[in-house]
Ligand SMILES: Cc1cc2nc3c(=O)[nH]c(=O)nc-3n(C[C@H](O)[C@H](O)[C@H](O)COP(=O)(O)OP(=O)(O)OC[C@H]3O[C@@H](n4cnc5c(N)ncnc54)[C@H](O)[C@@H]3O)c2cc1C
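Below you'll find only one chain, the form predicted on its own, shown as structure tokens.
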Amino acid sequence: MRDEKLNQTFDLGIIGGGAAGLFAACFAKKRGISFKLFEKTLSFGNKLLLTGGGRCNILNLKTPGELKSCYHDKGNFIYPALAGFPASDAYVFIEKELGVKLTEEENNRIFPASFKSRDILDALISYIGEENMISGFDVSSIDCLSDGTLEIKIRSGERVTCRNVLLAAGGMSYPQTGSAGDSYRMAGSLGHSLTETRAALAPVKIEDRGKIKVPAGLTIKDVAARIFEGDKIMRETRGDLLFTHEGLSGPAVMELARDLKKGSVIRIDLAPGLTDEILRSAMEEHPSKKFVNVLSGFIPLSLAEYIVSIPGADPGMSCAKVTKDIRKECLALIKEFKVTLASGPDIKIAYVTAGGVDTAEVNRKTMESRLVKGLFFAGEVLDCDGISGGYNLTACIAQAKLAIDSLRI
């Protein structure tokens, strides 16, 4: 779609029709400034539709202080945005302004009550107004003009002049949705430094998956996963674990992805609350019960059967016949289930990109570039990513709001 009024100067040009760009457009509309939202694909919110498995974990309702620790080493950078537009305010905006009823699940995760990401996207587009949105607009460059304005140029040769530009074209994850590194190219051409980009929140492929006799789709609740550097724990996560056909997924493993590579070893405590004393007591209480059935009180039965098979024990063995050595070996396997990555996490199927525009070159109190006046950033383009649970969308919405509030109008 093209607009015959593109030859005018706008207060704001928003590059990228993902979550950050869409919410920024909403805030610009509410503020009453002139703007255009440019998306290079033919549709908006492609990646937003995938969020939360299509259920759209749109926010995490923790306080700004609680959220600060959920963005790795970027808590200080993201805090002004989170404090300026808390998740509680974003919740009200989505319900009252966009008209989408929300619901809360465990760990402060917020979803549309319908659990349909399409409802969030449709509400955003309706609020913004299609007259303010242009698809199929493949930006080739952002240029600084002598009068202080910025010029957005697309590959077909069209040019749009804006007093401010918000770069929100995403990272490199799920490139089929349009996030193919364009943000980095444009920011780099304007002098911005880029940190190494890699997969974050991604499933992993593991060696010898075929030898682990548990079915794909098996989920284990609340495991602890660790990666080490020598004898020191480098990262530790807690959450659900999912066995896939080729490896592992689920928050416990996906949150480690940004620090993993081929050959990395993940050590997983499959039952963090289980101790030898608890296991021994359960066995003594049910001496005639099958050992695997006692273990299934702590881990899924199919996994218990696999664990018991490793030391070569009879799966039909009763607790009374289980030796101390077998009990301890099975417990050790449960408490430190080790897997090795067959390859590094694939950024093409990662939910988030780690790395991007160096945050040292962005004013955290305004989201404006320290190098180019009138250039702002929001979302995955920045070297600032969060853990699983609605944290990344919470951040991009808050960044979008801060950027719009800080525009040079």
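The numbering used is simple: start at 1 and walk along the sequence shown. As the structure is a prediction and not an experimental result, all values here were calculated from the model.
The same protein also exists as the form predicted in complex with the named molecule; that form is not shown, yet it is the one meant from here on.
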Report task. Assess the spot marked by Pro80, Val362 and Ser369: is the named molecule within 4.5 Å of a heavy atom from every one of these residues in the predicted complex? Result -> no
Query - Listed range touching the named molecule, judged in the predicted complex by heavy atoms within 4.5 Å, from 220-228, 298-306, 173-181, 96-104 - result: 173-181
Report summary line: The one option of Thr63, Thr41, Ser34, Ser343 with any heavy atom within 4.5 Å of the named molecule in the predicted complex is Thr41
Report summary line: Only hit among Ala252, Ala199, Ala169, Val165 for heavy atom within 4.5 Å of the named molecule in the predicted complex is Ala169
Query raised in the report: Would Cys396 count as touching the named molecule in the predicted complex under a 4.5 Å heavy atom rule?
Result: yes
Query raised in the report: Is Ala350 close enough to the named molecule in the predicted complex to count, meaning some heavy atom within 4.5 Å?
Result: yes
Report task. May I ask you to state whether Gly52 is within 4.5 Å of the named molecule in the predicted complex, using heavy atom distances? Result -> yes
Query raised in the report: Heavy atoms within 4.5 Å of the named molecule in the predicted complex: does Ala90 have any?
Result: no
Requested in this report: For the heavy atom contacts within 4.5 Å of the named molecule in the predicted complex, list the residues of 109-140 involved, in sequence order.
Outcome: Phe137, Asp138, Val139
